[in-house]
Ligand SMILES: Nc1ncnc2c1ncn2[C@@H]1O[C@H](COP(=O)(O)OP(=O)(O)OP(=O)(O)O)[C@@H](O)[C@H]1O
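This document opens with one chain alone, in structure tokens, the form predicted on its own.
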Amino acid sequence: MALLGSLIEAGSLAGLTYLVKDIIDRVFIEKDLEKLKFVLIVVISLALFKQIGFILKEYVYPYALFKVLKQLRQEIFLKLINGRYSDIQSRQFGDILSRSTNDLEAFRNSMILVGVDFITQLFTVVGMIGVLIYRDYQLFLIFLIATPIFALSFNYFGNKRKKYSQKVQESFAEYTQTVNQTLSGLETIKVFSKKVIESIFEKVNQNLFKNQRKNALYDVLYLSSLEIASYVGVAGIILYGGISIINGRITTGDLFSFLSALLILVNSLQILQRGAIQFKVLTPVVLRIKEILNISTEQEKGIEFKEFREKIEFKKVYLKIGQSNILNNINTVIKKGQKIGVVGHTGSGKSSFIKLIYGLYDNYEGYIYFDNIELRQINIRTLREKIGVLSQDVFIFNDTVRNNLLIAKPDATDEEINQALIKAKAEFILKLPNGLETILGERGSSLSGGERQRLALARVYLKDPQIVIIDEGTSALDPKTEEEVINLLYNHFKDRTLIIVAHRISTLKMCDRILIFENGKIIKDQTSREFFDEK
């Protein structure tokens, strides 16, 4: 429909320029009243047709483009939540955010210029060239003399615009990353010196400004060079056309009709070539968006994991992230129903070991068996349905308490939610003015660290998993509350498998075994009694 609108608009415009000869020669010079009436009817009809084409083009094409953008946003979001964890973690979050926002906006702006407007101008150029050749091919040949200048300008400035368009997008990504980091670390920045951060931001901002300036400069120089070439061509046509009128070879109407079509042609060529340059500008933007869309997706296929029945077994497991060896030759067995404590210094590999259990990393070497089925052969979604995780970095999104809990069990009743909150020592939620409908703010900003962890613990109770993992998930609680919470966990999940990464060693007293990590290896595998006797 938009293409049809473009064709109607371009055809109407060509018709109007064609009529200029009759308006001047038959109406203004010959003073033909009947011809005047006829011409006015045709002009009004063409103008109406042009508006029909304009409306089709200007509404339908953006509508289609907005649908494309909606789909792209959806695909990027799904890619982020379904993508391989290791692939996403290897990227800067600010860069991902920039590609998901700034690059999509740049894509929209470029597509507006290279879309139906481009097609309209293409139709217009064809129509105007037809009028020009019909009116006087000799005058048209004079215009073609300026064509090489158009081509040289397009090639040189087009490449410059492509280069600096890419630099602008990269600078935007760097800017977004800097702002994102600043907001995340605002508390630290305020406590320490702000000069270093200000200096970093000033450098990033200056780089973005420089690339935007050069991008705009080459855009202006390109348009200026085209306009100069156009005026030179028009001047030559006016000179030759004026001589032709004096000699009687053409009429005044012929020249004015030709000039009308020529001016529209020049304007259309400028828009057309600017759109053609946008194709070059669009290329790096599309490539940046495609890099996000090409992130590997976690494969939710394989053997359905119906129930944890026997054991988790690690055999000669190695994990490398980037250039760093995180885990080295991990061999251990966790039997169903066991309570396993995990200790070690920061960077010893504890959290990576835990993340392997629920399949965040799948790029390990060796074997991880769940009931004699290798992890990579299991449908990861069905495995995670059996696992509950409480980590130190609690994720609370800016929505109601209810929705923050329903991610654990979407069909949970209010009674189930209330019981989960009570078990997690999070009864304070029920006393809030809006109760379960309370909006928690970004990252749970309305709650303290301990309250966020108790709310996250309520998710675990609500999910009621077969394997429970606590990765320093009670670190923000005071010792007394932590002891109560841990005891409740042991009692509630006494028949389940419980794996606890210790924040305080005292929380591991009820464990069956303690795994001690150092430099990515398990250096000791002891009973709880042996471990605490050494202490």
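Computed from a predicted model, the values in this text were never measured in an experiment. Numbering starts at 1 and follows the sequence shown.
Beyond the structure shown, there is the form predicted together with the named molecule, which is absent from this document and is the topic of what follows.
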query	finding
Proximity to the named molecule in the predicted bound form (heavy atom, within 4.5 Å), stretch among 366-374, 67-75, 422-430, 322-330	322-330
Interface residue in the predicted bound form among Ser348, Ser98, Ser110, Ser260, criterion: non-hydrogen atom within 4.5 angstroms of the named molecule	Ser348
Single option in Gln392, Asn205, Thr182, Gln212 placed near the named molecule in the predicted bound form, where near means a heavy atom within 4.5 Å	Gln392
Non-hydrogen atom contact Ser352 with the named molecule in the predicted bound form at 4.5 angstroms	yes
In the predicted bound form, Asn294 touching the named molecule (heavy atom, 4.5 Å)	no
Gln89, heavy atom within 4.5 angstroms of the named molecule in the predicted bound form	yes
